[in-house]
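Given as structure tokens, the chain that follows is alone and in the form predicted on its own.
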């Protein structure tokens, strides 16, 4: 349990007091790339407005298109065969929002409440009492006990049962500020970029600190990324017979944490190739970006800077969720592309839908789905 708590602390990445404050809130509701070939001629460049319509004209969009053009054009000094075109994306804060609380953590807290009837002993648990009463002051001092409750509520079931719980939650839960399903709070410019890369022979992966069990449920329908191309943290599962049938059962133990220095390890274990392109948004992505940028061949490292409080959220160095500090400094020093959400993106989210992504009607990504 001690190992699980430590891993969850690292995975979720914020202080005890912030956990308490955000739980209550949730419950109540630039530089270039020197390895790229010289600029291609305007005639060779595809129409940016057609391939990335939600990206504003500017250096960030132009560098992405130039890079893709250079590595895919036969005869180019930077040409890379299709089999080697790997692009990796963080999820939280890079492909969808992560404020005011990581979406998966909101789900895990809701699982605690859903499991409460099966655990009458929790009535005397100070963390559960504080959570149920929305008592911020009391919850601030119960971080350890809260993590224990989360571990119990999110283990013991089969992986199929947990999958069903995630699907049901995603179909009904809504963001406290925007009032939209969480799977609609994906970034439209990034959906276009994923489709653009795949149309040019790239294989796209998610490499995130979130768990594979959670992300695999929606990754293909929302991002066009199949479950086998989702790399994330994982919980130990064991094989056993239940009611005479084979089953995989979740245990309250962390198997692998795919965050920070764990991301290059996850890439090596699951892909076996170093990415050409890596896109993140926080210090948790620093090592993945370093790993991508360290290769001698063509590469592109990008960071989303959340600087749009009006349309999404504005945060960076001081944030406890998605902190961008060391990675920002390194991006500026090494010429990585820092994408300004405020200046580089025309829109943030796709148009609102009347029905859930899991009704089969979302269509958040219309083309370029990975096969």
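Numbering follows the first chain given and starts at 1. None of these values were measured; they are calculated from a predicted model.
Although not depicted, the form predicted together with another copy of the chain is the subject of the following passage.
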query	finding
Stretch in contact, per heavy atom within 4.5 angstroms of another copy of the chain in the predicted bound form, of 144-152, 240-248, 124-132, 170-178	240-248
Contacting member of 183, 97, 229, 104, with respect to another copy of the chain in the predicted bound form [4.5 Å, heavy atom]	229
Contact residue in the predicted bound form, chosen from 73, 203, 253, 221 - any heavy atom within 4.5 Å of another copy of the chain	203
4.5 Å heavy atom contact, residue 198 to another copy of the chain in the predicted bound form	no
Contact of residue 161 with another copy of the chain in the predicted bound form (heavy atom, 4.5 Å)	no
Touches another copy of the chain in the predicted bound form: residue 269 (any heavy atom, 4.5 Å)	yes
Residue 284 within 4.5 Å of another copy of the chain in the predicted bound form, heavy atoms	no
Residues in 201-217 with any heavy atom within 4.5 Å of another copy of the chain in the predicted bound form	203, 205, 212, 213, 216
